[in-house]
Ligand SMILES: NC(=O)c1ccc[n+]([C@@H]2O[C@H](COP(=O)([O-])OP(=O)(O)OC[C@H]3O[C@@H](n4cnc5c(N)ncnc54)[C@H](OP(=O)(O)O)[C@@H]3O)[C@@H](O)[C@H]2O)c1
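We begin with a single chain expressed as structure tokens, specifically the form predicted alone.
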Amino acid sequence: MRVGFLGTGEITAAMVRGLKGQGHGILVSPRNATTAAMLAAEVPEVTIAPNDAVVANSDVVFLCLLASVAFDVLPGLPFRTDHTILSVMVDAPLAKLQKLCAPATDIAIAIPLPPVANGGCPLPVYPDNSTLHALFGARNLILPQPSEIALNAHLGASALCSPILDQLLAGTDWLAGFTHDPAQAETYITAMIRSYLPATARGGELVEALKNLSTEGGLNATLRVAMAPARTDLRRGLDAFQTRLALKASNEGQT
């Protein structure tokens, strides 16, 4: 395919690296000139082109801009009826994209994360999109969503990464205080947590893993009780995203 990227931030770089060596022609815009030049030097398939040329010479266009920038940049670009448009932007609802990218109608929103560069990345999408499957489905887990609200909730859930990593770093610092070897402490914490994560992405395995760590009076259970308030804080933080991510409608009528 001919694949174009409008915007050249971290997620664009990860997706381009994930497509390397698959035979696609890749056009990237020079909005971040440093990143664009780096990708052109690193990935043989990459060519840098202005926004209008990226759109005109691509079959698939990834929108990787800040929403506030996109609303100024997208009008007037030469979108076609045969384009597939895949947005990875926050705060850019599907209805808005349909107007901005007309006459294109094959439009979807996806949530790639930096690990898409190497594969194994969960990729929620709404609505389901065959082109996304074709480009990334062989190495990543495509998760079609039933609604835009469900997709937006995944954006909120993706914010779990930072606080969880922060907790792991706190544990690493605590351990290194006794071992005086920060590097080995981090190696131990990382390997320990990874060993408890499910080898495959199937529902119910996290519950089973937690059950196996719930021996009454054990160290794991004792620490979890001590940290119980943090669970409430986490839920409160996630709920704070509801207005920004337009999630409140999903709770109406529920008790």
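Keep in mind the model is a prediction, meaning the values are calculated, not measured. Heads up: residue numbers just count along the shown sequence, starting at 1.
This protein has a second form, the form predicted in complex with this ligand, left out of what is shown; the following refers to that one.
The listed set L160, A134, L169, V90 contains one residue whose heavy atoms approach this ligand in the predicted bound form to within 4.5 Å, identified as V90. Only one of P114, P122, G156, P127 lies close to this ligand in the predicted bound form, with a heavy atom inside 4.5 Å, and it is P114. The stretch from 93 to 101, 106 to 114, 172 to 180, 136 to 144 that comes within 4.5 Å of this ligand in the predicted bound form, counting heavy atoms only, is 106 to 114. For A150, no non-hydrogen atom is located within 4.5 Å of this ligand in the predicted bound form, even though that partner is not displayed. Among residues of the shown chain, A185 is not one whose heavy atoms approach this ligand to within 4.5 Å in the predicted bound form.
Although the partner is absent here, G4 lies well away from this ligand in the predicted bound form, with no heavy atom inside 4.5 Å. Residue contact check for L245: none of its heavy atoms lie within 4.5 Å of this ligand in the predicted bound form. Contacts to this ligand in the predicted bound form (heavy atom within 4.5 Å) from stretch 58 to 94: C64, L65, L66, A67, V69, V73, V88, M89, V90.
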